[in-house]
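Just the one chain here, laid out as structure tokens, in the form predicted alone.
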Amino acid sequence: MNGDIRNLKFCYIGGGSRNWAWVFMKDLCFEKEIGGTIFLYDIDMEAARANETLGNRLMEAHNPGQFTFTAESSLHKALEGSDFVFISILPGDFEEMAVDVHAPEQYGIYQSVGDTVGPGGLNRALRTVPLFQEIAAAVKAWAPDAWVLNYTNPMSVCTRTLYEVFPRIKAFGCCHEVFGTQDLLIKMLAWEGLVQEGEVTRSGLTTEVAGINHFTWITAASWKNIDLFPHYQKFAEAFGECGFKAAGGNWFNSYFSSGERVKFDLFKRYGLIAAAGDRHLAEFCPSSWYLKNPAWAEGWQFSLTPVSWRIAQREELREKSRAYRGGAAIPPPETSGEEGIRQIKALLGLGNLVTNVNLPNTAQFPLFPAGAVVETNAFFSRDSVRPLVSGGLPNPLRNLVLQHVWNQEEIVRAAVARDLEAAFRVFLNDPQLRGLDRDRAGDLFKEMTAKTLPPALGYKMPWRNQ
């Protein structure tokens, strides 16, 4: 890595992002120890140029001289010599995601997110893997020593593909879902009267994490010398039926909120704390548990996120982006709670860090296949990310998680080979598809792939024009 921490080179693949890129920009407004240039690469260069303008205006207003943003149309130039690479892309567009999420509804299958598992997540993986093969090859060619932070879903599949193409890559997947559950534990402490609001932050908790992305589990948790599991059991019993309402909010006010009932139910089933949002957790389980239909999900106090909402939000963000580029007032800086900058600083030798990340299994997750991407805690230090060994999962839960691990392994193999027959076998093996016979599942699979996998990806699809 570059020895000059004030003159680092960052490559942001998906640099036109109006989500993670904006979060990153606002976090950088507070960073004083490191500096450098962020090269924004995107297939939508107008979006990248708009972010160049916004990023530089934010820095001029709040952190002058520290960071510079530059839109770059060449991936080669954006990557070459980079110290750090961010990947935050949308595989395809929301039109394809609408097929992922809503085509299965015609077959009685409902998804609350549709980007990780289930028919939507698996179909998304088929168009994502080829893109990540190209990215991995580009990193290998032009920035082989860079650290690569992936934020794109399906997280496990994307990260696995990077290592499949370039085994020596220094990549890890970043997800904030565990942070939300850690925040819930802090709310639990306040509910019990053990702390005052704002007295404890996530860094004050000690949690052991094990699982796969969006189906992650806290296997041990403590605050000071207090084991939090007995407190969580009482918490789950108190709110398991009525749901937990945080101060000032209701679960139905946002597609991304919930009453935490799925978490509480999974705790009763397995005795561990599920550490992701309810809308993600539900998709890893048989549909009869939480996703029979929209009304059933509503009873469990979470929502199905329609892609129409995402499309409407995209238009709102585009309008904001145009306004910022045209000189409108920029958004105020704010810290997001994301750990990307802390991870970067630890990798530069500016203090160690323990946090949860997604990495290939090198024995940190007992009894799981070697090389499969799992989510556990890891120790960050100078130029090193060392996964920490977890205590594993109890047998009934491990069996459920393992099914998804093998599905993710096999969907990567199928996508790399552009083999839709192999992909269909994985499709049939997902818990959400259990209610369909093979012929109906085949009809759904053909419909989804025909509408979302462009010929350029190289899949053979005789049914495309049927």
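Predicted, not measured: the structure shown is a model, and the values here were computed from it. Numbering starts at 1 and follows the sequence shown.
One more form of this protein exists, namely the form predicted together with a further copy of the same chain; it is left out here, but the text below deals with it.
Trainee: Thinking of R18, S73 and A141 as the candidate spot, does a further copy of the same chain come within 4.5 Å of a heavy atom on all of them in the model of the complex?
Mentor: Result no, not one residue of the spot touches a further copy of the same chain.
Trainee: In the model of the complex, does K292 come within 4.5 Å of a further copy of the same chain, counting heavy atoms only?
Mentor: Although a further copy of the same chain is absent here, K292 would touch it in the model of the complex, with heavy atoms inside 4.5 Å.
Trainee: So in the model of the complex, is a further copy of the same chain close enough to V354 to count as touching (4.5 Å, heavy atoms)?
Mentor: It does: once a further copy of the same chain is placed as it appears in the model of the complex, V354 has a heavy atom within 4.5 Å of it.
Trainee: With the partner left out here, check for me: in the model of the complex, does some heavy atom of Y232 sit within 4.5 Å of a further copy of the same chain?
Mentor: Judged by the heavy-atom cut-off of 4.5 Å, Y232 is well away from a further copy of the same chain in the model of the complex.
Trainee: Looking in the model of the complex, any heavy atom of G81 within 4.5 Å of a further copy of the same chain?
Mentor: Although a further copy of the same chain is absent here, G81 would stay clear of it in the model of the complex, with no heavy atoms inside 4.5 Å.
Trainee: Counting non-hydrogen atoms within 4.5 angstroms of a further copy of the same chain in the model of the complex, say which of I226, A328, L194, L317 makes the cut.
Mentor: The residue from I226, A328, L194, L317 that makes the contact is I226.
Trainee: Sort through S321, Q364, Q133, S88 and report the residue having a heavy atom within 4.5 Å of a further copy of the same chain in the model of the complex.
Mentor: Among S321, Q364, Q133, S88, a heavy atom within 4.5 Å of a further copy of the same chain in the model of the complex occurs only for Q364.
Trainee: Select, from the options 182 to 190, 141 to 149, 117 to 125, 343 to 351, the stretch whose residues sit within 4.5 angstroms of a further copy of the same chain in the model of the complex by heavy atom distance.
Mentor: In short, 343 to 351.
Trainee: Go through 384 to 401 residue by residue and record those having a heavy atom within 4.5 Å of a further copy of the same chain in the model of the complex; state none if no residue qualifies.
Mentor: S384, R386, P387, L388, V389, S390, G391, N395, P396, R398, N399, L400, in sequence order.
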